[in-house]
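First, one chain by itself: the form predicted on its own, in structure tokens.
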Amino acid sequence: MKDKSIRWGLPILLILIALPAVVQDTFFLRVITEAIMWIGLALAFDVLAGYTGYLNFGHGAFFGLGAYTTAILMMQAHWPFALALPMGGVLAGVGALVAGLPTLRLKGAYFAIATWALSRAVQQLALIMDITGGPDGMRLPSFLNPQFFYYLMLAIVAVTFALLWFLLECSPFGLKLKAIREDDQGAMALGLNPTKLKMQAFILSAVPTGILGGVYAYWITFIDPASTLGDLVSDQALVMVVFGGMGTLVGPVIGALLIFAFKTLFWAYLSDFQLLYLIILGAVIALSVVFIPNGLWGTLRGLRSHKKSEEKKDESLAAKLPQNEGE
């Protein structure tokens, strides 16, 4: 593996597995569960944004598709949660396939605007359909077991991280995505199919997002178009990825934890100033782009690489000094 920092992954995972046995506070466990969910959403967002360079402002639509699919199958088709949940991921993947056919031929701001428009269209559709409950939303049966949702969310995000690490960092697929990110025309000249690769990345980003949306719906027990299909999911995922470091897998984890911690503290003490929260999110993106364009993790890696390079130069110089004195 290219990044030695992954060696910390297993100890952290073991700590998280043991956490519910140590911490009996239900509220704290709920907060950690949501933080884990946002890590998964940021990781999924980064697949397309960081590795192909396409900012998907419709990311929240796949979250909502997964949530509504799970809710509808459970409440109206009477499916068990274990069967309804994967169908949420399947429908999100199908949605990415349908949305990607026209939009992935666009680039830059045109793609971002197109995905945002499709997301708004899905939200409006949910508002007028009877099967979704319209603006009144849908209520799911309550399952009061916070440890169940904690471990389920942790398992999904851990598997997602491991899968993405293998595909994007340890296999040729990640190199191909980076190649089309840097120069899709050059990648095409090398025999790659940029449209096909971008479509695969789009679906890979959508499926775990839809599954997390399904877990969220059952966990929260109530969903509506504003909460699951709004812009906040896409906006926060974007901020987390940009702030943490695009094109990496550790960066979104760091960004998600820091931004979510700030969000939690903000809503705890300044809940009356909702507009201020959005302003701060916008400011974080602007400042990150200007001062740390590679994000926190990318900047730290750059500093570490520079330090190692300087140390090697010093060692090389020190090795030559005795020879010069002997001459």
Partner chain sequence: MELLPQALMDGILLGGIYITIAIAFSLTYGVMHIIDFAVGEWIMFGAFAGYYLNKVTGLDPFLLLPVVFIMFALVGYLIQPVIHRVLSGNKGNPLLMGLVFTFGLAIMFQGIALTVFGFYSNSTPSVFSEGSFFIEKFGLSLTISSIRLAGLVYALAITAALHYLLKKTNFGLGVRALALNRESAGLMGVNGKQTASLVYGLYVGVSAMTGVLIGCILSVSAQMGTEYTIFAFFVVVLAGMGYLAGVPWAALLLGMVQSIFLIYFNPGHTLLAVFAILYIILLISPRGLFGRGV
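All figures in this text were calculated on a predicted structure; none of them were measured in a lab. Numbering follows the first chain given and starts at 1.
Below: the form predicted in complex with the partner chain, not depicted.
Heavy atoms of no residue among 9, 22 and 155 are located within 4.5 Å of the partner chain in the predicted bound form. Taking a 4.5 Å heavy atom cutoff to the partner chain in the predicted bound form, the contact residue among 144, 77, 128, 190 is 128. Comment: the partner chain is not present in this chain, but in the predicted bound form one of 31, 283, 261, 270 has a heavy atom within 4.5 Å of it, namely 283. The partner chain is not drawn, but in the predicted bound form it has no heavy atom within 4.5 Å of residue 169. The closest heavy atom approach of residue 39 to the partner chain in the predicted bound form falls outside 4.5 Å.
Among heavy atoms of residue 235, some come within 4.5 Å of the partner chain in the predicted bound form. In the predicted bound form, the partner chain lies within 4.5 Å of some heavy atom of residue 55. Segments offered: 262 to 270, 23 to 31, 63 to 71, 291 to 299. Contacting the partner chain in the predicted bound form at heavy atom distances within 4.5 Å is 291 to 299. Residues 112, 113, 114, 116, 117, 118, 120, 121, 124, 125, 128 are the members of 112 to 149 with a non-hydrogen atom no more than 4.5 angstroms from the partner chain in the predicted bound form.
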